[in-house]
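The data below hold one chain only, encoded as structure tokens and taken in the form predicted on its own.
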């Protein structure tokens, strides 16, 4: 019998796992803010530039975690190359355990940035060995890709003979459920270890991420699959354990995802002394981070006509009915 979290880990990251090939974009299974518009990455870059201006002369890295094609780090680097005077002093890294993606990420970066190459590393230890004074960690739709356990009223999901079964949850899972007042929920695995690894790589850092979810548990299941821009829920009802038995038939062929409970991440970041800078819906976060200033820069560089051609993509990022209120932006600093 296998824990669901172990099963999900293999589905997404194991041999033949979902994330070992490219799945995002028009020809893939789903869109992200990064794939919708470069303005997402440009806005993050504008915000990071304001933070960089406050730092003394230090060894600094900007690191994307969960990069897929590497488009986010490339967009950030492109904007900073155009606007930040000390661009050449910054290192750009991609933390990517999946080797099949390394060359794609590197080539995509080099298509936009011809003055330097990104470092692509497979683990946190490689980052730690570079001895940075300050690290900016960036990610988009990373948190929902953490394997999770499925918890339902003191029981937890296991896989046995291609069947999903719920049995008594072990004590560590019960402790998490009690701490966050969870009755029915996905419980992400490895959060504490991940944040500790980020913390160990530099004395000072910022973690900036965007994902979909809620600020606290809704006490219902949200686990679902994406395939060719369609969504398929695992559970027949979000509050029951009755599930669609066909989901095991296509191992690794579509994305498994769930709504992020930001309260869990917030608690773990604060437990190591990190300060929360913000946690807002994506539309507010991007506006506060300088989306309008990015628009002004773009018009000055490429012209109003080009900007207007991109305006629908920008609206997709911020409109409430699209990505604007379904997603949250969150930043911590230490």
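Note that the coordinates shown come from a computational prediction; the quantities given were computed from them, not determined experimentally. Residue numbers count along the first chain shown, from 1.
There is also a form predicted together with a small molecule; it is not shown, and the following applies to it.
In short, of 172 to 180, 96 to 104, 231 to 239, 151 to 159 it is 96 to 104 that has heavy atoms within 4.5 Å of the small molecule in the predicted complex. Screening 266, 283, 32, 49 for any heavy atom within 4.5 Å of the small molecule in the predicted complex leaves a single hit, 32. Put simply, of 205, 92, 146, 254 only one has a heavy atom within 4.5 Å of the small molecule in the predicted complex, and it is 146. When the small molecule is considered in the predicted complex, residue 61 lies well away from it, no heavy atom lying within 4.5 Å. Of the heavy atoms in residue 191, none are within 4.5 Å of the small molecule in the predicted complex. Within this chain, residue 142 lines the site of the small molecule in the predicted complex, having a heavy atom no more than 4.5 Å away. Residue 65 belongs to the set of residues with a heavy atom inside 4.5 Å of the small molecule in the predicted complex.
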